[in-house]
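Consider the single chain below, provided in structure tokens and representing the form predicted on its own.
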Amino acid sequence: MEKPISIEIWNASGKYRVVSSKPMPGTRWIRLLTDQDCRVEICTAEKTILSVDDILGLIGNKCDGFIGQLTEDWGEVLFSALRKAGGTAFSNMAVGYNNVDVDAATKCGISVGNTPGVLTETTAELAASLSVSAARRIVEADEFMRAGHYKGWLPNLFVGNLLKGQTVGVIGAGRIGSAYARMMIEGFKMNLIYYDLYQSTRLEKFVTAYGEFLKTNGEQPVTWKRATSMEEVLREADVISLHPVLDKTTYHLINKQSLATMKKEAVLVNASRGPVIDEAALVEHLKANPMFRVGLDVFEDEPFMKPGLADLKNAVVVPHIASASKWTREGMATLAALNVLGRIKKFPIWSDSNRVESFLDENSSPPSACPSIVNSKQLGI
């Protein structure tokens, strides 16, 4: 078994052993654990993605709780080992947990924590940034400028798409999807079409009110429409942002057929989960339709891109940074640590995992609760 290269230890004499597979932003999360008599061990190995064997080595013979990352494969092997080591708590430093076998964790009596409520606006901002970057060809223009190709203004130089008055489509109008929609509507005066299994009444009221505001100021009001199908969004929208959860029903939601439904000059944005898009089909579509553009923060086979994607000028690609604001990442680390600490201390579950401001206030002690445990009902906690 390959052992981690190095470990950083805080509060070596602590009663409870908590392990983090990666260094996380800030130090508040460490202090919150050490103040509660936890020995904190942080793997500082240079390896980007730890294997199952690596993590087994980290768990060792005694481990009360573990903080992991979405790049790790947490299944029966790891949860069994964590339970055997006396552990009861695991938390992803992420809102998503498709890398975690929750049933296996529950079977082993391990709680699974995640970190919603802290990355909504940050992720929506990144999706909006990708939308603008792709529509206005900003990355292409930046590379052109840096390469010394600019010789002066030209009428046809990097002509892109105007967003004002166009239609933004949102697939999955939950917290992040709705925040993104508000940014695009209020920022660029775009009309909205959205598809979700549930009606987003709050978002609809926002668009209606903003439309009335524009109308009273002599401007064209924005409109909203709840689509009856995803295909309706794909057909009608000029910019489409994907915000569904990843499960069997949304795997390859965007494929060869759905891409063919979209406008030839549409912009597609994905800051949710990579496998929502059939990336190989997307590459072929981008090649065949040079005015079609995408902005991608996530990829089907992370950390790799499908062959050909990196060579395409009509693709803006960034390395899974949607939540990468300082405040958000430090907040995610705090919530993950408190999920583990709360379970170790047998704290109750917080009443609303999407309202976590009380846990993030650095000027006060956090509530004695687990911020978000996805299998709390199954475990009876």
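From a predicted model like this one, the values you see are computed outputs, not experimental measurements. From 1 onward, residues are counted along the sequence shown.
Although not depicted, the form predicted together with a small molecule is the subject of the following passage.
Chemist: Even though the small molecule is not shown here, does V40 get within 4.5 Å of it in the predicted complex, heavy atoms only?
Modeler: No, V40 sits far enough from the small molecule in the predicted complex that none of its heavy atoms falls within 4.5 Å.
Chemist: Any of the heavy atoms of R182 lying within 4.5 Å of the small molecule in the predicted complex?
Modeler: Contact check for R182: no, nothing within 4.5 Å of the small molecule in the predicted complex.
Chemist: Consider L32 of the chain shown here, and say whether it contacts the small molecule in the predicted complex, taking contact as heavy atoms within 4.5 Å.
Modeler: No, L32 sits far enough from the small molecule in the predicted complex that none of its heavy atoms falls within 4.5 Å.
Chemist: With a cut-off of 4.5 Å between heavy atoms, is S323 one of the residues that contacts the small molecule in the predicted complex?
Modeler: Taking the distances in the predicted complex, the answer for S323 is yes, it comes within 4.5 Å of the small molecule.
Chemist: Is every one of I240, A260 and L286 within 4.5 Å of the small molecule in the predicted complex, counting heavy atoms?
Modeler: No, none of the three is in contact.
Chemist: Of 164-172, 147-155, 75-83, 208-216, which is the one stretch near the small molecule in the predicted complex, taking non-hydrogen atoms within 4.5 angstroms as near?
Modeler: Of the options given, it is 164-172.
Chemist: Counting any non-hydrogen atom inside 4.5 Å, which residue from A266, A105, M190, A271 sits next to the small molecule in the predicted complex?
Modeler: Checking each option against the small molecule in the predicted complex, the one that comes within 4.5 Å is A271.
Chemist: Of L119, A135, M305, L203, which one comes within 4.5 Å of the small molecule in the predicted complex, counting heavy atoms only?
Modeler: After the contact test, the surviving option is L119.
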